[in-house]
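Read the single chain below, which is given as structure tokens and is the form predicted on its own.
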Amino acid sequence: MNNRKIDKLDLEILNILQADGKVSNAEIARKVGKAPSAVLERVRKLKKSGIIEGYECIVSHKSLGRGLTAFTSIRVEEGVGATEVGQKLAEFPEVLEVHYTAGRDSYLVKVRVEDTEALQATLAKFGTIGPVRDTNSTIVLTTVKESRVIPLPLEND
């Protein structure tokens, strides 16, 4: 758990980086009105404390032939709090997200594949994991919003 106190400058830096992860340190410094060395030190501390977890390149899934997105609820027979099945689900390359959930089903999994045949094959692979008892998939028709940006206030309240 992170105990680092986040101030207004940290929030400004985080908002800038979330909007453009490739922005230069000098550009961040210009936008926040601080020296590049001070901004660099802030970013290093945000990384070290785990507030900044990393940077990634967002690739168009459709341009790579992965046009079908599905969310699959998975019911398993494993002890409460056990996530071994989730670890196995996460190993499949077509699985983008695995969430251990409360309720009737144990996991909610986001899958990106080529088509319904590929989804069927993926679900069959899920079925080879011993404790998996049932799956229920919802196919996405249109994605209205998809983001990993965490809304941050401009001021720390």
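On a predicted model such as this, the values are computed, not experimentally measured, just so you know. In case it trips you up, residue 1 is the first one in the sequence shown, and so on.
Keep in mind that the form predicted together with the DNA is missing from the display, and what follows is about it.
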> Which pick from 118, 129, 98, 40 sits with a heavy atom within 4.5 Å of the DNA in the predicted complex?
Replying inline: 40
> Given that the DNA is left out here, which of 51, 64, 26, 124 has a heavy atom within 4.5 Å of it in the predicted complex?
Replying inline: 26
> Can we say 9, 30 and 34 each have a non-hydrogen atom within 4.5 Å of the DNA in the predicted complex?
Replying inline: yes
> With the partner removed from view, which of 102-110, 43-51, 66-74, 89-97 is the stretch that lies within 4.5 Å of the DNA in the predicted complex, judged by heavy atom distances?
Replying inline: 43-51
> Out of 100-126, which residues reach within 4.5 Å of the DNA in the predicted complex, heavy atoms considered?
Replying inline: none
